[in-house]
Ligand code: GLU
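Only one chain comes next, encoded as structure tokens, the form predicted on its own.
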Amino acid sequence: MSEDVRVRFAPSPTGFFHIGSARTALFNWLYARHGGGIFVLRIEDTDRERDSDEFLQVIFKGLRWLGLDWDEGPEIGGPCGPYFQSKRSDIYREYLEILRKNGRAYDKEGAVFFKISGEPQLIRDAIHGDVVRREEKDFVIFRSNGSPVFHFVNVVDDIAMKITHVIRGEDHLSNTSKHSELFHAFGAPEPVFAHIPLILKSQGSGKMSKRDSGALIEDYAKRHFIADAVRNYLCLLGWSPKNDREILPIDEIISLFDIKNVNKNNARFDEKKMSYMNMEYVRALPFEDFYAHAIEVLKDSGLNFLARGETYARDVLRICQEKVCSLGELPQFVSYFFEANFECDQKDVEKLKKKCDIGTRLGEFVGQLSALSSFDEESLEEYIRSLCEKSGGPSGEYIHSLRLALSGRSVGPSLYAMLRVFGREEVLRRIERFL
């Protein structure tokens, strides 16, 4: 592949950014980046009644969030702006005249129709192989209000922009015979078609729609998913690196991506799997990157996480990073570090009472604490080990009792790390309050 390869993503700004559209953009972007080709962004905004600037901005924001940068489009902002079909009407009129001169376009009932050849169209698809379809009747290419129809502008732009590969959803395969007719009528070579599999609902059957849970990219941004994790998961919806690995850095995905490895079978969306991948990405972040994400999430939550200073906040987040499942759950996961008036989970208290006397274990811990010269994790672990030797009780009784007293919960980061971060005085205050 070389820079001669030109692919495009052509969304319509008529709704929110669907996960299927994002996957289509991603596959085009990967194919271009794999060998130094060109990724064109083209906004198909000829539907005057349904197009919306709000939805246009959602598309831009979603693409940028996923890291899918486009390469050209001169209408706004120079070479980095996208193409807008609404600003290309002169080009469409020129191509319409070509069809008229060749006897392939005619007026009827105020609209302009394309005259089909009647011949079967052989579609050479890189994923589905050879597909033969025949158009049965002429179709509209310009509406009665003068606006061009999707099929017409789609082909004209692909010709004018020298698009070499059309990578899009399998649901467009049924349209492709119309497009083949138009390419032939213009005397233009067809691009390589690659119709990627549909994304099915996680539950039941059928294509995932914008109304289905988890279908919109902007929702994952709002829920503070890691964009790289979402992008990584989308890569696996119909494509496989063929090496039994799934969590891959984007540079490696780019190097491995090939249309030949795209599966023709439909892919089923699994938000649980994406959430798991997101968790792995969160835990693998360099701490400074994690901290930058975390403080934005905590600010949005209203949690007063800087009440004890930034050093304390950083210590808290450092010991919680490997335990938290997502950035979205972070405020709830760390809240007790910053707010002492938490409620204990009474089910956990009652469960632990059946195993040990919580008050006795906490009393034993407090009893000798003042004699502990160092409050680091190693010393605290040794201290609890010594309490176990004296009482004959298992370490879990002390650990679970302390965790409930300090946080009101039965799970969290390492207890010894929690003790160190809280500090001796705060630990004693919380135990006293609990008792």
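Note that residue numbering begins at 1 and tracks the sequence as displayed. Only a predicted model underlies this, so the values are computations on that prediction, with no experimental measurement involved.
The form predicted in complex with the named molecule exists for this protein as well; it is not shown, and the discussion that follows is about that form.
For the marked spot (P11, F150 and R168), a heavy atom within 4.5 Å of the named molecule in the predicted bound form is present in each of the three residues. The partner is absent here; in the predicted bound form, the one residue of N278, S180, N154, N232 having a heavy atom within 4.5 Å of the named molecule is N154. Though the named molecule is absent from this view, in the predicted bound form it lies within 4.5 Å of a heavy atom of just one residue from E44, D51, E397, E381, which is E44. Residue heavy atoms within 4.5 Å of the named molecule in the predicted bound form occur in exactly one stretch of 284 to 292, 319 to 327, 168 to 176, 257 to 265, and that stretch is 168 to 176.
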